[in-house]
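The chain below stands alone and is given in structure tokens; this is the form predicted alone.
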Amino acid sequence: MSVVQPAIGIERSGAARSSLRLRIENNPFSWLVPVALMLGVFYLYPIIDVFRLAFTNATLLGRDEIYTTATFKALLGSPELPDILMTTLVFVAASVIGQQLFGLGIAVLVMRGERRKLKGMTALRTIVLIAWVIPGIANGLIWQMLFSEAPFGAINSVLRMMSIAPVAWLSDPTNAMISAVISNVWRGTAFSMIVFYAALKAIDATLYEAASVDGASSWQRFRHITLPQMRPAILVNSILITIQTLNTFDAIISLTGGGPGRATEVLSLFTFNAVFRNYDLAGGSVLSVLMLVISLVLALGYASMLPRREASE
């Protein structure tokens, strides 16, 4: 009797495992449960918590939280917010346009060089990619030294050698914004170049051959073949770099610190300052929600311009 009972237990255990395996195989969605749990814990929960904190008076000083809409009203009614949003708009628009233009130009240059089997195309791609792997803080420090108005500032030193008056790159509000855009474009161009280079590789070469037979010039081939074929890549790249630029604050904080005054204080830096300098966790959560809404609206706007056929693919 004592030998038979363990044998029955083992048999039942094996039958239970077989039944569980069959249920998993018959229901493929069960394979998605670990992924869903991971996404819920690491992505969905933080977003939900930010929304919760936005409706509180939470601070980093740890006082008791109470649920209120006063934080929303105070932040959205702040007289500083319109200027911050305008600064963000200028920074994001100029950065996105610059990254798209330089990325497309370098990708076209590399493609044409490879077709003509010119040397140095791999080195050119590598040089551009180096800027992409540099952390944002280091990027800001590099450009801070280049734009420095001290005697050791590299760009002003070159200008002096050319008998040109030094430029107040970081102390003038307009020049400070231009400096911040240049540093962000320098770092972000590599990503656009990669996206456009892949899109150029996918264009059917017979289209260019047919256009050449018809006598189309280089500009006509670029305008009527390259740009239409790259439209989905341009729009997708616009979505990605817009969201990336909207979240950029590390390069700005090390380059200008948001100054002079608040000339380069974008929304992401304003959010950082609200939480880590003013200890206003609820206010930072409200601004984070605002950034999320802006990103979603811009992404939906770009996505609506995608051709329906390509969007479904």
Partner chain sequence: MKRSFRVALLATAATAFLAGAAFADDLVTKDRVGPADAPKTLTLRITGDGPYSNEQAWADGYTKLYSDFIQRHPGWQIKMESMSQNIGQEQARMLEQAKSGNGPDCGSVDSFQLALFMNAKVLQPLNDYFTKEEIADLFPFVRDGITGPDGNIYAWWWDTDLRVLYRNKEIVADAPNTWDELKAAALASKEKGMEGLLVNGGRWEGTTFDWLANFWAQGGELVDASGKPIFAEGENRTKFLKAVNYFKDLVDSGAAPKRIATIVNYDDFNAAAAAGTTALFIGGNWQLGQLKSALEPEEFAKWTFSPIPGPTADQKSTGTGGWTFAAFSKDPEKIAMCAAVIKEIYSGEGNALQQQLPTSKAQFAKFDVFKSEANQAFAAALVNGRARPGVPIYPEISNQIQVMMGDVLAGTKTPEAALDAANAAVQAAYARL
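This is a predicted model, so every value here is computed, not measured. Positions refer to the first chain, counted from 1.
Separately, the form predicted together with its partner chain exists; it is not shown, and the next lines address it.
Interface residue among 67, 45, 31, 276 relative to its partner chain in the model of the complex, by the heavy atom within 4.5 Å criterion: 276. Scanning 173, 105, 113, 136 against its partner chain in the model of the complex with a 4.5 Å heavy atom cut-off leaves one residue, 173. Its partner chain in the model of the complex is not approached by residue 41, whose heavy atoms all lie more than 4.5 angstroms from it.
In the model of the complex, residue 74 approaches its partner chain with a heavy atom inside 4.5 Å. In the model of the complex, residue 228 stays away from its partner chain, with no heavy atom inside 4.5 Å. With a 4.5 Å cutoff on heavy atoms, residue 150 counts as touching its partner chain in the model of the complex. Residues with any non-hydrogen atom within 4.5 angstroms of its partner chain in the model of the complex fall in just one of 228 to 236, 141 to 149, 93 to 101, 190 to 198: 141 to 149.
Applying a 4.5 Å heavy atom cutoff to its partner chain in the model of the complex picks out 256, 257, 258, 259, 260 from 246 to 260, in order along the sequence.
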